[in-house]
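Shown here is one chain on its own, the form predicted alone, set out as structure tokens.
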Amino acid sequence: MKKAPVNKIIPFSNVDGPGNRTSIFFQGCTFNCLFCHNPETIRLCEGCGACVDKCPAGALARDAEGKIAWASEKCVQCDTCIRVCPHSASPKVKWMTVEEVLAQVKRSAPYIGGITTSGGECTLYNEFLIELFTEVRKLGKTCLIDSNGSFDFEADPRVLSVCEGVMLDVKAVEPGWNDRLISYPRDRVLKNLDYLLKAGKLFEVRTVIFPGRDRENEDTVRYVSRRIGGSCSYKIIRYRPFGVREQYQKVLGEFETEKDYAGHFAAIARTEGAKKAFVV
């Protein structure tokens, strides 16, 4: 029976694809982005126990196997455990079966158009996704993947065969800036950009715009726009420091990207052919 670590499930979301959707966030990521708003989803809990004594509600303890057990009924969602974790993880993760996730989707099914899987990086659990998507589509619902682009979609076309498309992050194209920003080579992401476009499975591309990074922002926006043209939407995202780890706020900026500044790059995108570029 397949299981995957689920960080949370949002029954109703209107920001994770078209219409109203159930969003499923998996734990674990291949990247370590400086600007990550949810760094507690990057790694799996190592069981160090740093969070146990700090929990004011007594919702955390060691189980018989020495792992950290989370009592959700006691949890007050203060996120103290997340703040004190030295490993960019969370003890509030449930290893769920496809059947358990599907049961939650079914509760929302009359009111949603489909599901979106995110993370972390959901494609770490591609076999789980294939089985989940197969069952969700039997309900007449659509399936989308929110991905950082580290999974080789061309090498395993089964995933795309059971979903409507991918919302792909293209964070940077200049190698030095990319490596500094996400600690992962850019080549697979750019390969996926072209492959998903060719396969007709590129639903949306997203790029974060950082204050004061004129050249880096422009390089990425021009590169993406010239490739996608009007084939899909291009979401130009304003950098926001909320949730970003403090040490990286000092690198990227302690203030959010101004709307007019981001709008300048959206205009560049449209000039380069990405007619569906917009700022959020």
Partner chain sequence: MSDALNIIKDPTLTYRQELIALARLGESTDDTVRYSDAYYAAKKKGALCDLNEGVMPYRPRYICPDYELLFQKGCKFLELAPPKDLLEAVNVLEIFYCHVPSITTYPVYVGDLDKLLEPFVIREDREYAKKVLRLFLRSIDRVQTDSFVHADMGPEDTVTGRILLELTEEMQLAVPNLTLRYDPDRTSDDFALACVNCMLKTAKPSFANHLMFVKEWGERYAIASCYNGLSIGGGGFTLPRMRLYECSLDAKSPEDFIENVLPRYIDLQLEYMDKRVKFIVEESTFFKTNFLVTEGFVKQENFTGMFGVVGLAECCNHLLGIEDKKKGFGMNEQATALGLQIMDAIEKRVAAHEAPYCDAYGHRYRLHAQVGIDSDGMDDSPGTRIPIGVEPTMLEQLEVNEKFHPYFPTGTGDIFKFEETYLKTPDAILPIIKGSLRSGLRYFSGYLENNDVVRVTGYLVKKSEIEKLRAKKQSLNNVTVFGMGAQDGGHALDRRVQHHEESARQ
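Keep in mind the model is a prediction, meaning the values are calculated, not measured. Numbering follows the first chain given and starts at 1.
Beyond what is shown, the protein has a form predicted in complex with its partner chain; the following relates to that form.
Contact here is defined as any heavy atom lying within 4.5 Å of its partner chain in the predicted complex, and by that definition not a single one of Asn32, Lys191 and Arg227 is a contact residue. Exactly one listed residue, out of Ser88, Thr97, Ser108, Thr134, brings a non-hydrogen atom to within 4.5 Å of its partner chain in the predicted complex: Ser108. Here is the short version: of Cys36, Ala57, Ala61, Ala50, the single residue with a heavy atom within 4.5 Å of its partner chain in the predicted complex is Cys36. Its partner chain in the predicted complex comes within 4.5 Å of no heavy atom belonging to Phe265. Within 4.5 Å of some heavy atom of its partner chain in the predicted complex lies at least one heavy atom of Val208. Its partner chain is not shown here, but in the predicted complex it comes within 4.5 Å of a heavy atom of Asn14.
Contact annotation for Leu44: none of its heavy atoms lies within 4.5 Å of its partner chain in the predicted complex. For its partner chain in the predicted complex, the listed stretch (119-127, 181-189, 151-159, 197-205) containing residues with heavy atoms inside 4.5 Å is 119-127. Shown without its partner, the chain has Ile237, Arg238, Tyr239, Arg240, Phe242, Val244 in segment 228-259 as residues with a non-hydrogen atom within 4.5 angstroms of its partner chain in the predicted complex.
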